[in-house]
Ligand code: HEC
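Starting off, we have a lone chain in the form predicted alone, written out as structure tokens.
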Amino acid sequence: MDRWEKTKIGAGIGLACGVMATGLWLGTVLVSPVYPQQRSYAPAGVPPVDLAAMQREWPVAGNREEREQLKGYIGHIEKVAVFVPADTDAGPAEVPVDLGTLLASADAEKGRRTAQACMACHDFTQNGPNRIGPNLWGVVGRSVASHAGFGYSPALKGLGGQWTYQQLDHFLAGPNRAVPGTKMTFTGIRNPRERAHVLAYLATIGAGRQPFPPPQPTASPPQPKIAAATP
């Protein structure tokens, strides 16, 4: 290998190192992580962990005892109740609204527009065909998995009962969570008010309209529960 070849190799290595250094510097300019200055809230019976320090030093953070402590914390993370300070600029806490109250103010036309996305798999007309999913004419009040000519999954056949507003609301929120094993791959409608609009539309397509469930009395906002924190 002559001197010229060595020079080219050295220049290439130097250029690569320069690009890496520039990238690291640019990354710190564009993204500046801000770590909390206090220890985390602890689940009952589990010591608190300095998650900020762990994050800065990961994956070689702490000694073996600290790593075992972190594993215990993560294993009980669902027991943590974090106190969120009151926001003086925020409005009052939102109280969960029952289905009857949502349906009383639901807009069937909005529900019809939302349901248009379902027409790729379902037909909504009287005596219409089954598609990937069953025909949904008159689905409110209909027995579950009962529409003629459609091959329902064993999971849905085993559900039983009727498609009440409550049952439909639960199903539309997440079909695979409501009935594990169903053929319906739709991820669901997470917004309760949007589901109420769809249910109001479904109520209009059928031989006889099923009455909405009555609104429930207004409940007081739930009081937050604060877990003890170890500084």
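In case it trips you up, residue 1 is the first one in the sequence shown, and so on. Just so we're clear, the structure is a prediction, and the values are computed from it rather than from any experiment.
Below: the form predicted in complex with ligand HEC, not depicted.
- The putative spot formed by C121, L172 and I189 is fully lined by ligand HEC in the predicted complex; each residue has a non-hydrogen atom within 4.5 angstroms of it.
- Only one of T204, Q166, T185, T28 lies close to ligand HEC in the predicted complex, with a heavy atom inside 4.5 Å, and it is T185.
- With the partner removed from view, the residue among V97, L103, L156, A108 that has a non-hydrogen atom within 4.5 Å of ligand HEC in the predicted complex turns out to be L156.
- At the 4.5 Å threshold, heavy atoms of G133 reach ligand HEC in the predicted complex.
- Using a 4.5 angstroms limit between non-hydrogen atoms, V198 touches ligand HEC in the predicted complex.
- Interface membership of R112, defined by any non-hydrogen atom within 4.5 Å of ligand HEC in the predicted complex, is ruled out.
- Mapping the unseen interface onto this chain, S146 counts among the residues with a heavy atom inside 4.5 Å of ligand HEC in the predicted complex.
- Taking ligand HEC as positioned in the predicted complex, none of the residues of 8 to 22 brings a heavy atom within 4.5 Å of it.
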